[in-house]
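Just one chain follows, in the form predicted on its own, and it is written as structure tokens.
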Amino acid sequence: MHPSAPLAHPLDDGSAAVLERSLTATGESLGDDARAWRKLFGPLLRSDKLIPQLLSPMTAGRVLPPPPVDALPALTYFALKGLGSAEGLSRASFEGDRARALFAGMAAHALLPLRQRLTAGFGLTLGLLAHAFGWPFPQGGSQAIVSALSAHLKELGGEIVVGQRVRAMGDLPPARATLFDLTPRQINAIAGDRLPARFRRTYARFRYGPGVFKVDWALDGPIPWKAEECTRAATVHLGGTLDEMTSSEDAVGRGRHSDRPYVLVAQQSLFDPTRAPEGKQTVWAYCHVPGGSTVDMTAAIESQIERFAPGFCDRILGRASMGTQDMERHNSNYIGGDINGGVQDLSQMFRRPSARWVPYSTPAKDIFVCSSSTPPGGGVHGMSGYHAARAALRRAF
């Protein structure tokens, strides 16, 4: 399902910057920076080969063919812009608060300080995907994707076993290839006796990043945004200006909690009536926190929403909060609440999870990694599994 607009970013003056599918329409909410937005994203949209390259490993090895020649100009442009910091690119590209805030909110998905290198690339990638394809979501929730995939697997004769923790390779049936949708720490624990000591030490040094604190709400009606434009988007970024979001993400990077955190809000039930009873709404949101944090950020998150939507708290019928430890219990891949499968900074982006020509492989010829700890990292794209499957097909089959 496609919302009317992929993203909205409200500001304190009661207006909002809106990311539309169209570059021109996006510019209408950015004032004097409309031309600058088109100038930044226009070259990226000229090649339909760019996005597959961005969602592939940098060291493609034998997983993918080399980039096509006609994608090289766009790839070069992306590298020149994306290898720097989001804070720097925002200031260099835009004059006003609206465009700077809109771009910084996308870049903050990196879970890195916005002054850090590579964060510009996250903002460019998410903006490019929004303009090229939109930010769609599945009707009925993410379970719909799981149900479709599992039904297809069963049609092919596959079997799904749940409720059984795998602690060692002996807990698994013999197979020509085993693909682990796990982070390096867990792979060491399960398959360490099949891996060389040096490789295990590399996996042991794999670094995990900040965590998230998440809240789900049942609401007695839509969020009462001051900026009506926010009702057109399923995703809303709350964080105010570039300066404010830079400060918030800097705090998390230094192991502290922000009083005014950057908050990602998802309100899909505005567009998908299957997600809530008639007249009601379901909403979830999260903010970034230091890995392993035990601080309850419910009030801080609700305060940020109330800031841009006065009366929000009056519409809350119920809530469920999840701290970093709850997140890890929910999914043991979320070490310390890290939903990205490990830090995606300059050093670990290109050695994820280890410096191998085919990063989905291991020294054991039948063991592969398909989690977000491999390229292209965290995100709702499934490309880690796609590339890992290709690697397994080539090597084991």
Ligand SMILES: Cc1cc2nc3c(=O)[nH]c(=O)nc-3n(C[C@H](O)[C@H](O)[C@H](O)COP(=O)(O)OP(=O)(O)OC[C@H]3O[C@@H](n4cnc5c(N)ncnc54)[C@H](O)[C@@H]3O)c2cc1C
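We number the residues from 1 along the sequence you see. Just so it is clear, the model here is predicted, and its values are computed rather than measured.
What comes next is about the form predicted in complex with this ligand, which does not appear here.
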Original post:
Check 186, 327 and 340: does every one of them have a heavy atom within 4.5 Å of this ligand in the predicted complex?
Top reply: yes
Original post:
Thinking of this ligand in the predicted complex, which stretch from 85-93, 221-229, 158-166, 310-318 has heavy atoms inside 4.5 Å of it?
Top reply: 158-166
Original post:
Of the options 306, 272, 181, 250, which one has a non-hydrogen atom that comes within 4.5 Å of this ligand in the predicted complex?
Top reply: 181
Original post:
Heavy atom within 4.5 Å of this ligand in the predicted complex: which of 190, 195, 71, 128?
Top reply: 190
**OP:** Please check if residue 199 has a heavy atom lying within 4.5 Å of any heavy atom of this ligand in the predicted complex.
**Re:** no
Original post:
Can any non-hydrogen atom of residue 206 be found within 4.5 angstroms of this ligand in the predicted complex?
Top reply: no
Original post:
Within a 4.5 Å heavy atom cut-off, is residue 284 in contact with this ligand in the predicted complex?
Top reply: yes
Subject >> Contact label in the predicted complex: residue 376 to this ligand, heavy atom within 4.5 Å >> reply: no
Original post:
Quick one: which residues from 304-319 get a non-hydrogen atom within 4.5 Å of this ligand in the predicted complex?
Top reply: none
